[in-house]
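First, one chain by itself in structure tokens, the form predicted on its own.
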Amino acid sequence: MKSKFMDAKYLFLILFSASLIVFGLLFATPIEIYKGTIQILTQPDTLITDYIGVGGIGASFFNSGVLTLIFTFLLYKLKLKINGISIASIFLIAGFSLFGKNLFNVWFVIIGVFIYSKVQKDKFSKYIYIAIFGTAMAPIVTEIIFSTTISKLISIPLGMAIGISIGFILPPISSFLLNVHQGFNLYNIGFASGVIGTIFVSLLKSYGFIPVPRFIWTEGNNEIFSIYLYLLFSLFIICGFLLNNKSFKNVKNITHYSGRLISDFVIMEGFPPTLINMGINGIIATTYILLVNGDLNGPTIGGIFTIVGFGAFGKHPKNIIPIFIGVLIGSVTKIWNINDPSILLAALFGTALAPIAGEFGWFYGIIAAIIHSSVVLNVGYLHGGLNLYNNGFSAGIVAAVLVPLIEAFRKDDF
């Protein structure tokens, strides 16, 4: 049965993409966007590479909006019904297209997954979300192709081949690793990408190719970005309210779910309540960054968009707030500051562990976040910053260790 909200959901994604493009056009001329986009496409983009610092606000949001629109069109061409995982994947593209994914480097992983589907004699649509999430490894393509230490005669085919091969092996590995954390890490592909990235980077290092660390982090744009984000998320809530017969009915129901994979709020509670939940999540995440005196830029807006997108697929205020609290407590007792770049990202992307708070309670969510904020700072070395979902990798490790311990020792009746 065709949902009456199916067209509305596609329209929502298209308008969201358009808002990114229009926002970018407010800050740069077409010529400036073109020049900035060339910089984004050709410069290494290992963690952390803020595209705003590479190509400017205009080019960064243009890259994000166009790529988001293309992937939305891809879902449409595959005749897929938009649900929670669809929205999460599209918002992930939008967010990471501000710091690591671009109009060039994402396609090789997509091609690899496509080839895998053909080898398995399956429809590509069966694996499309693995392909979209799998663009976490896109920076490895850019790193190799535009490397200054390898001849272009070698780097171009090598970068393409590695990107395609990662996409080819990603579906079976990600499916298997889901069993390791039992769905308590919402970024399962990030976990798989971390494992795959560790292997590939280890092989590359064995042949003398060392990924060059980068740190590009912009500051000073909090006012304009906060206006855009608060306006955007308020519109989500208003539109959801209107589509929901001018009510907040079923929104509270979403907070009763743990968020453990697979928790598709669009299927379980409908699109309008989910849209309201997404807007609320976005306001909470944006406010957190501002309250701790953090910077709104490509990476942090990417984290906020990810929280918003997964507001359709596992995250809600009740299970993400304990993660923020845990990272905050950790910063008080540890050697870093709460508004250090890596810790800001640990708080935002650490909400991958939200299902732990949702399933076992706020206390365990806080504990998970405290542990995660330490682990995530030490696993990036393994994949050389070439897995954009570094927090997903860390969250998989934390969940794999912590969840069995919680289940073994917690009292069923507490």
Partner chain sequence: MKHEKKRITKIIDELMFYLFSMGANNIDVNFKREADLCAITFKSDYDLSKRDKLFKLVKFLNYEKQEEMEEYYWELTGNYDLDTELSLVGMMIDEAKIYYDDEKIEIVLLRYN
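Positions refer to the first chain, counted from 1. Computed from a prediction, not measured in an experiment: that's the story for all the values here.
Just so it is clear, the following notes concern the form predicted in complex with the partner chain, a form of the same protein that is not shown.
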Within 4.5 Å, heavy atoms only: does D7 come near the partner chain in the model of the complex?
no
How about E32 - does it come within 4.5 Å of the partner chain in the model of the complex, if we only consider non-hydrogen atoms?
no
Can you tell me if I224 lies within 4.5 angstroms of the partner chain in the model of the complex, counting non-hydrogen atoms only?
no
Tell me, yes or no, whether L344 is in contact with the partner chain in the model of the complex, where a contact means a heavy atom of each within 4.5 Å.
no
Just to confirm the contact call: exactly one of 277 to 285, 184 to 192, 234 to 242, 90 to 98 touches the partner chain in the model of the complex at a 4.5 Å heavy atom cutoff, so which is it?
184 to 192
Every residue in F114, R214 and D340 with a non-hydrogen atom within 4.5 Å of the partner chain in the model of the complex?
no
Scan W336, Y257, Y230, W107 and let me know which has any heavy atom within 4.5 Å of the partner chain in the model of the complex.
Y257
The partner chain in the model of the complex has a heavy atom of only one listed residue within 4.5 Å, and of F271, F324, F200, F133 that residue is F133
Residues from 78 to 111 in contact with the partner chain (non-hydrogen atom within 4.5 Å) in the model of the complex
L80, K81, N83, I85
